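The chain that follows stands alone, in the form predicted on its own, written as structure tokens.
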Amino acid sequence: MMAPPSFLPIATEIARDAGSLLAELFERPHEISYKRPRDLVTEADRRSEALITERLTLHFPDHAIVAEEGGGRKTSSAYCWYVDPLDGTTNFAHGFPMFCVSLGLAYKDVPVAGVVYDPIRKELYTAESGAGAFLNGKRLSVSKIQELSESLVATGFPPYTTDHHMNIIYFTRFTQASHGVRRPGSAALDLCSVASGRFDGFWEQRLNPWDKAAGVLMVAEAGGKVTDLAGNPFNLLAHEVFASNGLIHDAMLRIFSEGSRDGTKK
């Protein structure tokens, strides 16, 4: 039986080119508009997405594409690319150098290949189902931290919702239970940081598939664990994700459960 084709070489090339465009535009004044209150979009988002979708269509004409700014297309294929042309738009717009390009390929809604490129640090994360996860060609492995009290975890607060009450409860609990909680502002890079062992756990609610399609595969291929906040199997089309090194997963789940109970009493 022939091995399935690798999608990574082309996806990597596309992500690098889009990242180079973002790095160039990062040095210029930013043209900003709003999709909804506090949820901004820049010229860079649109130009990066146009580059990516055009190139994906050229190389994979049968594949579907779902892109954050609406530039995708539907097909009958079981393969679908989930594209975040600029993950960390708010950071980008404010001149904070924490953003990336994220391309995730799913087959029947299961991630099978992914590329995340940070053009500022020139860090390229790649993963393919069953083949491992890599950072600039070096195989990744999640951390070996076994105690939540010794861990560093991360979360995100989506800009387009005002309902942060529950996540603030989680944030407070994990701040007390761990070495600390970080909120860098790019879910794709946060997931890659779990895969690389920089973070021991990450959770976020109200995420879209393009935010996490590539990153969750990085974590899984690096030996980590990905579920929802209740410990159920990960669902790409659902709106939350919880990823960890696997060793502190149960301890974090207990805090989610306790925080949820407290939140319902408010």
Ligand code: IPD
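Since the model is a prediction, treat every value here as computed from it, not as a measurement. Residue indices: 1-based, along the sequence shown.
One more form of this protein should be noted, the form predicted together with the ligand, which is absent from this view; the next part is about it.
Undergrad: Judged by heavy atoms and a 4.5 Å cut-off, are L86, R183 and A187 together in contact with the ligand in the predicted complex?
TA: Yes, the whole trio is in contact, each within 4.5 Å by some heavy atom.
Undergrad: Sort through 233 to 241, 50 to 58, 193 to 201, 206 to 214 and report the only stretch with a non-hydrogen atom within 4.5 Å of the ligand in the predicted complex.
TA: It is the stretch 206 to 214.
Undergrad: Would E221 show up as a contact with the ligand in the predicted complex if we use heavy atoms at 4.5 Å?
TA: Looking in the predicted complex, residue contacts with the ligand do not include E221, since no heavy atom lies within 4.5 Å.
Undergrad: Wondering, does G156 line up within 4.5 Å of the ligand in the predicted complex on heavy atoms?
TA: Output for G156 is yes: heavy atoms within 4.5 Å of the ligand.
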